[in-house]
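Just one chain follows, in the form predicted alone, and it is written as structure tokens.
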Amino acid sequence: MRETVQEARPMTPAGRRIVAAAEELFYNRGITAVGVDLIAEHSGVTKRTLYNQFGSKDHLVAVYLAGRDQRWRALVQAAVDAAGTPAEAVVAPFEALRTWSAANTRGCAFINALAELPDAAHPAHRVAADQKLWLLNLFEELAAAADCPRPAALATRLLVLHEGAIATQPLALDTLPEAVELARALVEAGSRVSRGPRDSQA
């Protein structure tokens, strides 16, 4: 059975250096453009050490993306927990994106990985795809908790807005404020429907 990212053994200090170097190189130069020789050089280890720790470049890419995924989910969850109302919680991932984008200016590493690694069986492809599905499911759960009608449909629209804001990030065009405004409008419109005309006029 193929080893999954979650089943990987505890990482050594050398392994952590390798992942740190791989993250910088993969994100800034692209996954397919970066080879293990360059990663080994930047992390100050031999190729043998790299392969002993990770087994393959494919697995190293998956580990790199899984680490980003964990940090992103923690940031989103913190934004959700800090929201004052259920409706505000629905758009909390957009607020998390505002913070995340300040330190990640080359767009979404997961979108980039899906474009570079189209094989659905690739371990890193699965990590990237799961990240997007997780966000879609989270939007739906939050929308349902806020009593928005048709939470699944709303979640899809919010995901499209969210991913669109990320995709345009490398351009000299800040679409995030407009995306947040549209997301709030969608949630508010749903909230008015769920309250009914009498409640919304009270």
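All residue numbers are counted from 1 along the displayed sequence. Since we're looking at a predicted model, the values are computed, not measured.
Omitted from view is the form predicted together with the DNA, to which the following refers.
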Inset, instruction - Name the stretch, out of 64-72, 144-152, 51-59, 172-180, where some heavy atom lies within 4.5 Å of the DNA in the model of the complex. - result: 51-59
Inset, instruction - Could you confirm whether Gly35 comes within 4.5 Å of the DNA in the model of the complex, counting heavy atoms only? - result: yes
Inset, instruction - Consider Thr168 of the chain shown here, and say whether it contacts the DNA in the model of the complex, taking contact as heavy atoms within 4.5 Å. - result: no
Inset, instruction - May I ask you to state whether Asn137 is within 4.5 Å of the DNA in the model of the complex, using heavy atom distances? - result: no
Inset, instruction - Using a 4.5 Å heavy atom cut-off, state whether Ala189 contacts the DNA in the model of the complex. - result: no
Legend entry - The unique member of Lys47, Arg157, His42, Arg29 whose heavy atoms fall within 4.5 Å of the DNA in the model of the complex: Lys47
